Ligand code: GRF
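Here we start with a single chain on its own, the form predicted alone, put down as structure tokens.
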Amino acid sequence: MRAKPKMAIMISGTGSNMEAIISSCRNGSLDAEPVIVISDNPSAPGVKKAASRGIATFSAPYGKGVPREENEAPIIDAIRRADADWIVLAGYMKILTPSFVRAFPGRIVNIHPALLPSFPGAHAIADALEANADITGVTIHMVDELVDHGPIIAQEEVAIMPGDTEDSLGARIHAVEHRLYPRALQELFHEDV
């Protein structure tokens, strides 16, 4: 019997995608094991949620004026100590350095609230609304050394409705993310089975 792939899940905030992933692991629809949740924000609500589910947590705030590689060094060490096979970004709001990406080649997955290559960056939902787009969506992709770039694993459209706000559109996008991310991870982790 093959061992379950082990995931390090990286978050910065509430951890709603992290919760969806953990729930999918627990109900058997995602055959993987979350071994550690890492945050750049020690007070992120997702850190407490992960700990309450018995998952190890590690917080590594980025120091102001400190090179990003130095801020990432303890994170890389924590991932290696946890023996994670995959790094799953679930609302991690820091841009990873090329050296971080090179430390885990082909093993980092990200979710983005837009149909990449449209609307990259931290304000994708607001950017789609400002552009008067008719549709946006969700992209799950492998991480490379560029921001919101890399081979796309899965995408799903979300219609933008008249009168949508960031909150209303964001809620529909999150509902898609919570369903699509675990399913895409299952396919990615077990594509050779």
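Quick note: we count residues from 1 along the sequence shown, nothing fancier. Note that this is a predicted model, so its numbers are computed, not measured.
A second form of this protein, the form predicted together with this ligand, is not displayed here; the remarks below concern that form.
Scanning Ile75, Ile108, Ala84, Ile111 against this ligand in the predicted bound form with a 4.5 Å heavy atom cut-off leaves one residue, Ile111. In the predicted bound form, this ligand sits beyond 4.5 Å of every heavy atom of Pro182. Proximity of Ser16 to this ligand in the predicted bound form: non-hydrogen atoms within 4.5 Å are present. Put simply, Ala90 is close to this ligand in the predicted bound form: some heavy atom of it is within 4.5 Å. The closest heavy atom approach of Arg172 to this ligand in the predicted bound form falls outside 4.5 Å.
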